[in-house]
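For reference, the chain that follows is the form predicted alone, supplied as structure tokens.
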Amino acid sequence: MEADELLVLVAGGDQKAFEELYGLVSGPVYGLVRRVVRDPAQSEEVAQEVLLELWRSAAKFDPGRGSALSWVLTLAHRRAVDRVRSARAAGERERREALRANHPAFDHVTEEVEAGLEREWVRRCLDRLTALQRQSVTLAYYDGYTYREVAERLSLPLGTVKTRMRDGLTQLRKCLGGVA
């Protein structure tokens, strides 16, 4: 049975279908999460969260918007990105707390300048991409479209969009010093 059919059964509470679907998607989910999160232990945790979310929200799957696998991988990508952002934010909070312990007064001007510099840094890195890469990356990461939706909006094959995204994100990672 295919993932699309299994997901419909899972939406109806079919545990056997979920076991089969789990077997189909757990590997790709972990692989995607691992590439984003990088830490094996956290990747396992995020992958399990995604698969639990899959069980709970299977009814939200709309076959008209794409395949079950792409929907599941979108859930996984979003959850992995959220984990990375959360970890970075926690690290930043700890760093700021340490600074506050040494500097009692909060400096709004410094915070605003740092945020502005970070935005400018990202903007410069985006400007280094080709126009086609920048367009695809912007639609996916700033406007929230899936790769399939980006392909539809640009009237391009999905593979072309994936290639542009991969190349663009590789360039951004290099420009941002490997942090992205």
Partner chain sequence: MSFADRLLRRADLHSLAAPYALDALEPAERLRFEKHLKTCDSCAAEVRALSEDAVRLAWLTAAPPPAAMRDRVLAAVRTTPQESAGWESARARAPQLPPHVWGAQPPPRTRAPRTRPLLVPFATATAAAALVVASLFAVQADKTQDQLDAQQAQASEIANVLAAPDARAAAGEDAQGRTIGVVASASEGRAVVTLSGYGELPSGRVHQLWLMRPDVQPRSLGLFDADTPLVASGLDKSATSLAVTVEPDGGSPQPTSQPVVQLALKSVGFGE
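Everything quoted here is computed from the prediction, not taken from an experiment. Throughout, rigid core stands for the largest set of C-alpha atoms superposing within 1.5 Å between the two forms. Residue numbers count along the first chain shown, from 1.
The protein also exists as the form predicted in complex with the partner chain; that form is not presented, and the subsequent description refers to it.
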### Query
Quick one: does residue 57 come within 4.5 Å of the partner chain in the model of the complex, counting heavy atoms only?
yes
### Query
Could you tell me if residue 156 has a non-hydrogen atom within 4.5 Å of the partner chain in the model of the complex?
no
#### Entry: the partner chain contact in the model of the complex: residue 78, any heavy atom under 4.5 Å
yes
### Query
With the partner left out of view, is residue 128 within 4.5 angstroms of the partner chain in the model of the complex by any non-hydrogen atom?
no
### Message
Do any residues of 137-154 have a non-hydrogen atom within 4.5 angstroms of the partner chain in the model of the complex? If so, which ones, in sequence order?
### Response
137, 140, 141, 142, 145, 146, 147, 148
### Message
For a quick test of reading the superposition: does residue 51 move by 2 Å or more at the CA between this form and the one not shown, rigid core aligned?
### Response
no
### Task
Compare the position of the CA of residue 15 between this form and the one not shown after a rigid core fit and state whether the shift reaches 2 Å.
no
### Query
Against the shown form, C-alpha atoms of residue 59 and residue 150 in the model of the complex: closer or farther, for a change of 3 Å or more?
farther
### Task
Might you say whether the CA atoms of residue 145 and residue 37 end up closer or farther apart in the model of the complex than in this form? Their distance differs by 3 Å or more.
closer
